[in-house]
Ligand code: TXA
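Given next, in structure tokens, is a single chain: the form predicted alone.
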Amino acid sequence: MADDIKAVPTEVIPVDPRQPEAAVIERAAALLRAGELVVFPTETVYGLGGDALREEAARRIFAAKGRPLTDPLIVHIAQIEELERVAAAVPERARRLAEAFWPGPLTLILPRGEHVPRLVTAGLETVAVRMPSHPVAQALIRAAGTPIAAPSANRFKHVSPTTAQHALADLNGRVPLILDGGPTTVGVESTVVDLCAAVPRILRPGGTSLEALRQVLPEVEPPQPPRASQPEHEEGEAQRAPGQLLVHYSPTVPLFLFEGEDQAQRTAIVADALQRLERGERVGILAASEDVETLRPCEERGALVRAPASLEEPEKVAAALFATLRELEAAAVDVILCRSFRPVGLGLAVQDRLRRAAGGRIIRVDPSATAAEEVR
């Protein structure tokens, strides 16, 4: 979409993330009722919100992000009863998932209700709906008196924001108000499950794990991983759900993702980093705590090594992932070398985000680490 939004002053207002102040919420809700946009925290990432039932508000969202109209928005509600307002039908399996996981980081693809503008759904007859658990998001939806359409509050394809400062860096002058509720807790977007398909399938892994979903809906299928040969988004081709592009969640510097056995990854990253450092490049490395000792020679030569958590703690990795990528980006590195994380629990979402952040720059190493194959 053309980047033709008119600049507006952006105000950042702190809000208590546990007991949001009524006056602050009402100020934000009044803007939403007037068709304006508000950035607010959810448990996953910060959202860029507008009235989901007003086409002009949705149009402002697309313009502020620079997002193509073919990439649908997620509609946020505050209670299950509001499903009937935005969905034409609510199948029994949708109610089972909602009762088990709402409020929380789970989005359901359902038949579009007639009151939801087609602009919100990228012209499709399906709508993506979720109920966030964050007290600020809940209070804002209730005060506005309308469902809120809200993608992540960042420029299109950039790293998602997990703090108000991240959102401000991307959207300053593009939105009138940002509610600062501190860092988000989950750190990656919601899981999207397509319930309009013959067999339910995860379209985007996220804050609700496949393992947890299968406890309630055993037949749900895992997501199809992004492929290097996957065609890039074509103008006019609507996406079934957000987060489907090969290149997404990307820092402004190249990111290379290493895949393979753990020790082989470490060896390959060290070799690559040392070569780059020798050439005078500034190198950032995103690793796990188990990698730190092996990476010490890189750090001693000037590489910025960040290891947010252990391989055994995918929830902590997810919570820190986007903030770590933004930190490395802000440090003006020339390249980010990143290890892979195990696709178990929230690790599946972490790996999905890193594959898309790499945009096909994936280096697969063999167990002996004597050879590496870059997949583009």
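Every value quoted in this text rests on a predicted model; they were computed, and no experiment measured them. The numbering used is simple: start at 1 and walk along the sequence shown.
Omitted here: the form predicted in complex with this ligand. The next part is about that form.
K.L.:
Taking the partner as it appears in the predicted complex, which of 279 to 287, 202 to 210, 263 to 271, 93 to 101 has residues with heavy atoms within 4.5 Å of this ligand?
P.N.:
Looking at the partner contacts, the answer comes out as 202 to 210.
K.L.:
Using heavy atoms and a 4.5 Å limit, would one call P151 a contact residue for this ligand in the predicted complex?
P.N.:
Close contact exists here: in the predicted complex, P151 approaches this ligand to within 4.5 Å, heavy atoms only.
K.L.:
Does L321 make contact with this ligand in the predicted complex, using a 4.5 Å heavy atom cut-off?
P.N.:
No - in the predicted complex, heavy atoms of L321 and this ligand never come within 4.5 Å of each other.
K.L.:
Does at least one non-hydrogen atom of T126 fall within 4.5 angstroms of this ligand in the predicted complex?
P.N.:
Answer yes; at least one heavy atom of T126 falls within 4.5 Å of this ligand in the predicted complex.
K.L.:
My question is simply whether R67 lines the interface with this ligand in the predicted complex - judged by any non-hydrogen atom within 4.5 Å.
P.N.:
Result yes; R67 sits at the interface with this ligand in the predicted complex.
K.L.:
Pick from A167, V159, V136, L73: which has a non-hydrogen atom within 4.5 Å of this ligand in the predicted complex?
P.N.:
It is L73.
K.L.:
Between the options A52, A28, L328, V45, which residue brings a heavy atom to within 4.5 Å of this ligand in the predicted complex?
P.N.:
After the contact test, the surviving option is V45.
K.L.:
Within 171 to 207, which residues come within 4.5 Å of this ligand in the predicted complex, counting heavy atoms only?
P.N.:
Heavy-atom contacts within 4.5 Å come from E189, S190, V192, L203, R204.
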